[in-house]
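Next up: just one chain, as structure tokens, the form predicted alone.
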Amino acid sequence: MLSFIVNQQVVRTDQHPGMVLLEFLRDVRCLSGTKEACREGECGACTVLVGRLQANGRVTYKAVASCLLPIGDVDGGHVVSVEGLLGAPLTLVQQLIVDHTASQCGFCTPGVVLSLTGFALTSPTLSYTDAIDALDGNICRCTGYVAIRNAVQQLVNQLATTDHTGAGRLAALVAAGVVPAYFQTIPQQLAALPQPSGKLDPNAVLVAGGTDLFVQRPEALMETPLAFLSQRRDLDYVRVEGQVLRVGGGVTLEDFRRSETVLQHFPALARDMLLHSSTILRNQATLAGNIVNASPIGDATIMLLAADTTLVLEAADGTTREVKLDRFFLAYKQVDLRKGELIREMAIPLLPPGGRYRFEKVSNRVTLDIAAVNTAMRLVQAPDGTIADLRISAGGVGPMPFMIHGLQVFTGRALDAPTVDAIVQVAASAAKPIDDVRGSAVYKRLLLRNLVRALLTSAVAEEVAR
């Protein structure tokens, strides 16, 4: 039996945990404000908020795509659909949408409202940039977006003096009319619900976000025992130990992207992770899930490969073993993960002095799209500017993500034009692309050459600028 709150009502259901939240809201609860459209997390029409009770007694909310979120993953949580914002008067976000004529057919509007409400609840800065980023998963075919952006600007202006602190934010947002007053009673209500135990069935299918899994085979998962890594609170951490950044297997892409600890050592990831997917997917998808999915063009995988990541794998009995990420992929969609094992941790070495990290990607759209080719680089230069260590990963040019081998011959060489040309040639020779819907093999090899050159020349330009 699953127990959670939908808007203001406690719900207990024996529906299969693999039923996606979109179907539960529309077909079981008859809440039709959450719209069904793409069923792939591409459009944002199904966006809802999901709140989870934290150890400090507060509830943190995230905007997510309900079409890819199984109800087993909201057990013990608070689900907010657009009906949960109903009342008189309209909420501040809703009123600004009306005032700026930022809705026409209205199909996308509930998702836009929920995404902006999620921004108000979670953004560290309540900045315009954060608000626009929060909408990167919401597609509108009518307004041309100008009216929506005008409403966003006004929202940001009116929230400029709002209390940003964790303890005071919710009360301030209630006072500003962003969320209804009943939100303040939710922590106590969730505390009264049975919370997930965190014990995972080793015979069940492990779900680490599920944003790809529930696109590929949602019907099959309705007949399968499932276990959710989000219930393992001990896997939700980001910390530095010595010279290693340790990231738990339950950390979402967005939590990783926003982590102050991560950005202290890898500031470029704040931008790079925006290229991975939209906010409503990053709020649910995990780094571990991206790795296990074993896509040849998984963005997070390519980033972590270049960073020389080591995986800590945990068996059902709690024993662990370590595998270097560049040895984890065995063949197309095949990984070194035994039955019952999960990724407990990703251990990422910090950059030493003279170290740089870079990521490049080409896709049809800047966000919300799978790469044609992607690549990342970890470069360490000696004090004299010569190459001390160089790692370059590549995706989209082989059956699995991989490291470009043979780069050790460049150790000790100056990073000048001839060296850059030679490295680019090694990368191109390592590529084994095929023709597919994202481009021809010739095109992909050319992309890899150009992207690797971009990685290297940016490092050269930065060195010159010093």
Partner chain sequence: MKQEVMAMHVRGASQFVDDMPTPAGCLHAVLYTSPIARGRIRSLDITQAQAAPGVVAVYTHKDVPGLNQVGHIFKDQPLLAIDAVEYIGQPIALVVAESNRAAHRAAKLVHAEFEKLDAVFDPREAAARGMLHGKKRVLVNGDPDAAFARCAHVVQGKLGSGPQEHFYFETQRALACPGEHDTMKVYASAQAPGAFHHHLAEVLGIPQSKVELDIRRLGGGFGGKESTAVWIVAPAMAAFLLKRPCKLVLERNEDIATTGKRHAYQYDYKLGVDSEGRILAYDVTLYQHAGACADISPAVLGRSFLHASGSYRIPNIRITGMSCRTNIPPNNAFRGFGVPQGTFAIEAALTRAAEVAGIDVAVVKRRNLLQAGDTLPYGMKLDWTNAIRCWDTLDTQVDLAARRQAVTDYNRTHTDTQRGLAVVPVCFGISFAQTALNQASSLVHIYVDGSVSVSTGAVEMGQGVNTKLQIIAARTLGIPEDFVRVDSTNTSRIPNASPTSASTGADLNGMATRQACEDLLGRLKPFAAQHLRHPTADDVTIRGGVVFLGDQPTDLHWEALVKAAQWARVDLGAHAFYATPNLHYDLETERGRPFAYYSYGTSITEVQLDVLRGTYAMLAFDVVHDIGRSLTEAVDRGQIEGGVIQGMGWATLEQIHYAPDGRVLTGVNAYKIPDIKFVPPHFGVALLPDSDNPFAVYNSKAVGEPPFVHGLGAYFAVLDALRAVRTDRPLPDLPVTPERAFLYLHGPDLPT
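Remember, predicted model here, so these are calculated numbers, not experimental data. Numbering follows the first chain given and starts at 1.
Beyond the structure shown, there is the form predicted in complex with its partner chain, which is absent from this document and is the topic of what follows.
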| Per-stretch contact check against its partner chain in the predicted complex, the hit in 318-326, 334-342, 188-196, 83-91 (non-hydrogen atom, 4.5 angstroms) | 83-91
| said: Whether L263, A268 and A430 jointly form a contact site for its partner chain in the predicted complex is the question; each needs a heavy atom within 4.5 Å. | reply: no
| said: Check D163 for me: does it contact its partner chain in the predicted complex (non-hydrogen atoms, 4.5 angstroms)? | reply: no
| request: Report yes if any heavy atom of F107 sits within 4.5 Å of a heavy atom of its partner chain in the predicted complex; otherwise report no. | output: yes
| said: I'd like to check something about D236: if you look in the predicted complex, is any of its heavy atoms closer than or equal to 4.5 Å to a heavy atom of its partner chain? | reply: no
| query | Heavy atoms within 4.5 Å of its partner chain in the predicted complex: does V10 have any? | reply | no
| Looking at A388, L200, V156, V362, which has any heavy atom no more than 4.5 Å from its partner chain in the predicted complex? | V362
| remark: Exactly one of S440, Q54, Q425, T411 comes within 4.5 Å of its partner chain in the predicted complex through a heavy atom, and that residue is S440
| request: Would you mind checking 124-150 for residues with a heavy atom within 4.5 Å of its partner chain in the predicted complex? | output: I132, D133, L135, D136, I139, C140, R141, C142, T143, G144, Y145, V146, A147, I148, R149
